[in-house]
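What follows is one chain in structure tokens, specifically the form predicted on its own.
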Amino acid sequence: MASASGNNDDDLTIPRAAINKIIKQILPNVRVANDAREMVVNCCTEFIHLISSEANEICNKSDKKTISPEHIMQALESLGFGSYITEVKEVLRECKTVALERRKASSRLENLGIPEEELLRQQQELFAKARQQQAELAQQEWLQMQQAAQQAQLAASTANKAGSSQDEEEEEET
């Protein structure tokens, strides 16, 4: 069952920045004193607490574990705020529309219009191509190491021959 969380009301307030933004939007040319802003914050917090507590009771009575929008609307009605319900329903519709648009925008696969099987085939093709490129790079590195080793051996044998011919010349001089 849904239950009310903690009793520490001091920690449960709406951010002042959010309230200030709302006040500026609603009353752009009016100055509001700080104590009046504080009062608005406290009223908003109390209103939310009142509605959520009533919605929680309604939720519990209907043996539900999650407060739904219907519980909120029933709480508004039972607390005498029935005149808000029309606007609340409109806001709920807007929120659902925005959420749906976000989900649609985030599902890029659906927006491509390409069947999932085709996308999977293309993905496998890209993986195979990447593996091929990686194998070719490894082959090139191996060949370069082999060439470097051969050059080092050649240089060493040339140095040995030069050193041994120099030793022979020194022996002939003596």
Partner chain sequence: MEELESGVAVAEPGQSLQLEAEAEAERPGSAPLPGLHHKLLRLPLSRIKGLMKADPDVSLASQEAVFAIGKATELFVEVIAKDAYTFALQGKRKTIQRKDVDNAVDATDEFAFLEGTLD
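Residue numbers count along the first chain shown, from 1. What you see is a predicted model; the values in this text were computed from it and never measured.
One more form of this protein should be noted, the form predicted together with its partner chain, which is absent from this view; the next part is about it.
Although the partner is absent here, Glu125 lies well away from its partner chain in the predicted complex, with no heavy atom inside 4.5 Å. Although the partner is absent from this view, Gly113 stays clear of its partner chain in the predicted complex, with no non-hydrogen atom inside 4.5 angstroms. Mapping the unseen interface onto this chain, Phe47 counts among the residues with a heavy atom inside 4.5 Å of its partner chain in the predicted complex.
Contact annotation: Gln25 falls within 4.5 Å of its partner chain in the predicted complex, judged by heavy atom distances. Residue in contact with its partner chain in the predicted complex (any heavy atom within 4.5 Å), chosen from Leu120, Leu137, Met145, Ala33: Ala33. Residues of 70-93 lying near its partner chain in the predicted complex, listed in sequence order, are Ile72, Leu76, Leu79, Gly80, Phe81, Tyr84, Glu87, Val88, Val91, Leu92, the criterion being any heavy atom within 4.5 Å.
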